[in-house]
Every structure is written in C-alpha cells, then in structure tokens.
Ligand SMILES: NC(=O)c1ccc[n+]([C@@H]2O[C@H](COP(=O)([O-])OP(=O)(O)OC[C@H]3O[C@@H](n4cnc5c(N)ncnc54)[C@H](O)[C@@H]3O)[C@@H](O)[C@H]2O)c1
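Have a look below at one chain only, the form predicted alone, in structure tokens format.
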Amino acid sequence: MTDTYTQFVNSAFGKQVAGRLGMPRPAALRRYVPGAALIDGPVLVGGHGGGPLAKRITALLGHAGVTVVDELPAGGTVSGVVVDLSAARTPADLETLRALVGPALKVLAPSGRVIVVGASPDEAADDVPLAAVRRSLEGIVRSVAKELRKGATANLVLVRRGGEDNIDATIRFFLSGRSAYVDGQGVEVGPIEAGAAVDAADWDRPLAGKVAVVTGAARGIGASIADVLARDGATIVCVDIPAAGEALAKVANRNGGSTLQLDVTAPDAGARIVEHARTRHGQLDIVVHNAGITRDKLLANTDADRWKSVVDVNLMSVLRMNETILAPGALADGGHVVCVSSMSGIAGNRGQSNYAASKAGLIGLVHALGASADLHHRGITVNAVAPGFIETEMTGKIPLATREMGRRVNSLAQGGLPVDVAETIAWFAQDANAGVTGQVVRVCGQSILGA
C-alpha cells in the first residue's frame, strides 16, 4: 500500500508546500540491502568509567569496517552514537551520557542511530541508587527517540551478568538498516550456554543451513517473513490453510522452499509441522508463529463463536503446537521460536478485546518460555515482535482519516513495511543472537500507543 502523503511532501513541489504550511515530512528510512555497509559514516563511541563494553563495541565495529571516533569530527557529521553506561553507579554518572550524546544529536546524519548500553536494573539487588540509574536509561532513550528527526532512531541494550560477550548481533541490528522501524525500544542480552555461537560465519547470510517454518505465509507479513528468512540463507517451509494454496505455492517457489497446507488449530498441527520439516528437509531450526485472524466487534456485541475463533487461532494453536515443537527431538537444540504479537496486545484497541487478549497472551507465553531453565540449557530462544501500523492490504481497507492517524502517531511519522517486521524476526532467529530470549520488540516506529 502506498503512503501518498509521504510521497507528496518529499516531492519537489510538495517540499515547498510542506515548508510553507509547517506540514510534517516523514523521512525515507534507511533499510537493509544485502552487501551494504553496516552503517554509512563514522560512529561515535564512548562510555562511563572506562566504558568496559565500549571497548568490545569499538572492536566489533572496526572488524565490520566502520570508522569509530571518540570525539565529534570538526565540521562533520556522525552516522551513529553508542554510549556505554554499564559502569554507571549513581544518577550523577548520567552526565556522561548527556555530555556525549547531546552535542552529537546536533550533527547526527539522516537515518542515524543512537544506542545506549546499560546493565540490567533487575540485577541491582538492594542497591537503590544503582537500580535508579539503570532504570533511568529507559526514560532517556524513549525521550531521545522522540526528539530525533530525519529517520534517526534511538534504542537501549541492557546487558545481564554473563551476557557481556553476547552483544554483537544486537549492536549490529540496531545500527543497521534492519532496524529501520524499531525505535525507542529496550532489549536485554543475557548469558548463553557454553559453546553457543556469538558470531556469524557470514553476516549477510546468518541463517545459512537453517530450516525455518513460517505459519500464515501466503500473503502480507507472513510472505515477507518467508522472503527475508530465505534471503538470509534459510530453507523455508511455508504453512497456511488449504484455501490459500495457490498464493502459498508462489511464496514457496520464489524462495525455493516447500509448502504445508494445514489449519494451525488442528490437534496434530504441531506434529505435522515437525514431521514435514524433518522428513523433507532433515531438521527444524526456526519456527515463526505468524498465523492470525481478526474478528473485530465491541465486547458488548461479541458472541462466543467470534471470541473463540480468534483466541483459538492466535493463541491456543500456538500453545498446542509448542507442546510438540519444543519437545526434545523436535526443534533442534539452539533453535529459535518467534511469535507475532501486536501493539493491540500491549495498548489494547477499541473493538479488539478478543484479538488483544490473544496477542497479550502470546507475550505472556514468550516471557514464561524465555525463563525456562530447560530451554536455556538447550540453547532455545523464544521471542516476539509486536507490530504497530504496517502498510498491508488489511490496513489499506481502514478509512482514510483513521489510516492517516495510524501512520502519523509515531516518532517516525509513517507506517512501517512488512519487511520491517520480517527483519526483526530474522534477527531473533540468528544463532549469534542466542543471548536474547523472553523479549518483545515493538516494530512500530515508537508509536505513542503503549509507549
């Protein structure tokens, strides 16, 4: 679906009109292109107390061919700023962030990146000032993200004890064009099992050799997920209902994958997915629970069938399938499960109490499985994305005024694309990202809903 307004205000004539009337001009976002540089231009890296993680990040960026600077270039710009506050102990230490990031924002390039790195506030124990300073980083990042312009984003990386060596994939994601529509978010990185990968043999194809199942893959976001996972090297099993068979085949054919026609609510859906992946492709490494439906109605007018159908497809089916998929011998050790939740599951939405219940339920599922000692021991991660306003066939049917409101009420002043959701899922599916589990990332351009 085309965002006509954005196209107009970025045209030659539209720029003049927008300037005279003070109309907002959404920027063209920098999105990932295989083979492109991680980020265009220098990145300012610094930190408090010696910046213990800043040293690792500097080495990571240098290895990726990025120019790293420790002070602002005279008369120039920077494409990114990374500040390490993991050693901050009291609120007074936040001055390091202000002194480093504040001036850099004035010379931040379009589609620039700001990343704040800190330690987990949940591990502050009884040290009240320490807990305070660690939690304050969230407020800073969310505020900075709302100040940025020209497609720039700000995000927070919190590191748990033992996770210091596992941050590479997360730093790369937030600096790259893969995170174009992820803004004002926080992600925790924790420890991983000994011997697990923290690097990718090929960062352009980090899923090479993996077999990934995508439910609801026939169209929209599901089709984009299949495309991106295949682009990153995975063999794709495209799953959808028999009625979508023709569209499903097109997605699988263009990606060299296979199809499996089934209803995810069937009692044997999980078993059939595992059997197909292992019989046809020899293994199962990644499962993306994307299939979902809406049956919108005000709660006062929602009947039992309308309620049950949404909860069964969006939540109950995932719970049932996971019983089989997460059993030993099904999903490979070191595998990844990603659920597609929604901003409705975080902020709620009028007329969507059934849908919001199911999508909030997925978040509860992810938090519970992310804390599973058994899955951690097996190296299996479970995460979720929560899309906001994404330009799809479904959102194209929303009335114009409502659609425009949905597009503009976020820090990037535009709707996201299906590929933005897919890129975040592909990042969750990387073995190098094994330190991130039990997390929910909003792909919403920092929507004011649920912010």
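Everything quoted here is computed from the prediction, not taken from an experiment. Don't overthink the numbering: it's just position in the shown sequence, from 1.
Another form exists, predicted in complex with the ligand; not displayed. Remarks below refer to it.
Each of 241, 293 and 389 comes within 4.5 Å of the ligand in the predicted bound form, counting any heavy atom. Shown alone here, residue 216 lies within 4.5 Å of the ligand in the predicted bound form, counting heavy atoms only. In the predicted bound form, the ligand sits beyond 4.5 Å of every heavy atom of residue 170. In the predicted bound form, the ligand sits within 4.5 Å of a heavy atom belonging to residue 262. Not displayed here, the ligand is approached by residue 359 to within 4.5 Å at the level of heavy atoms in the predicted bound form. Only one of 335-343, 68-76, 102-110, 121-129 lies within 4.5 Å of the ligand in the predicted bound form by heavy atoms, and it is 335-343. For the options 220, 177, 186, 191, the one in contact with the ligand in the predicted bound form, meaning a heavy atom within 4.5 Å, is 220. Checking 313, 159, 237, 116 against the ligand in the predicted bound form, a heavy atom within 4.5 Å turns up for just one residue: 313.
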